[in-house]
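For reference, the chain that follows is the form predicted alone, supplied as structure tokens.
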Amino acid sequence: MCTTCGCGSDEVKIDGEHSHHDHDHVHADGTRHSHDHDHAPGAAHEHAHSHEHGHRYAPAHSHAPGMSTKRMVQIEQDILSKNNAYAAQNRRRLVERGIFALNLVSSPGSGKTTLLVKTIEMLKGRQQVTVIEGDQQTSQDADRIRATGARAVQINTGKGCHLDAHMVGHAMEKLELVEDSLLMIENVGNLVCPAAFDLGEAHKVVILSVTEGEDKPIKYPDMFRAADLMLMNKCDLLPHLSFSVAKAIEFARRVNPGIEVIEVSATSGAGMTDWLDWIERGAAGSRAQRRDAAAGIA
């Protein structure tokens, strides 16, 4: 259960098959029980108990009838701690193989999938790309990705409004990722909960469409604070809108002074070269990290 919004994840499916998942059931009186399920048969996936490279977030201050704020905060901390342990496992696996993983986050309708399709098409012959698609229902986005020739796995979260590291670990096993490749994780459209869940990625990339308000970064600060890059998408529409690019960047850097910004349009291709260059620099870094690790260089 996600204590940030109260969503459940009991109906998780990966490419149409029910996934064995870590279920945390929290009842209105504050009692909680969980079921820890193993990963896919034959898959080497250790159950770590350490917290490595985990992101820290403030409690969401959610409320439930009969449950104290202190209890809710404790439950949320427990859930995030367990998630971070799985994220650490994912991150180690990715680093060992030199795989550059990005977690694409945004509100619904920002153009994530269209941008991702364009990115894959432009990277053909330069970078092998695999994709994990997150949606509550349907496989439409994964089907669009597969039409490009890229391998993709669809995670349907059911009532869940975000991916977590345990789901992504299962999807990574299904994909059988190859060394020195690029993994793109398209999260469920939501600017709240995905901010708190580390998936083991190298970076969160937040997509802000110019058809949204330029004040989104200060309305949803946790997401923009967690991201390393903001892609300002659909910039071809700017002549028809009153959206202020300067104001959006100002707001984003008010909550995250170090965030990078690239203005793009998947339709016109504007800014896509800068975006691909950013990806390739990161992918080169991941490959170098794998080589250094293999050579025993700290």
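Since the model is a prediction, treat every value here as computed from it, not as a measurement. Heads up: residue numbers just count along the shown sequence, starting at 1.
The following text describes the form predicted in complex with a small molecule, which does not appear among the structures shown.
Stretch-level contact analysis of 215-223, 80-88, 136-144, 158-166 against the small molecule in the predicted bound form, using heavy atoms and a 4.5 Å limit, identifies 136-144. The shortest heavy atom separation between Gln127 and the small molecule in the predicted bound form exceeds 4.5 Å.
Using a 4.5 angstroms threshold between heavy atoms, Ser244 stays clear of the small molecule in the predicted bound form. Taking the partner from elsewhere, Val255 is found to have every heavy atom lying beyond 4.5 Å of the small molecule in the predicted bound form. Proximity of Val261 to the small molecule in the predicted bound form: non-hydrogen atoms within 4.5 Å are absent; the residue sits far from the partner.
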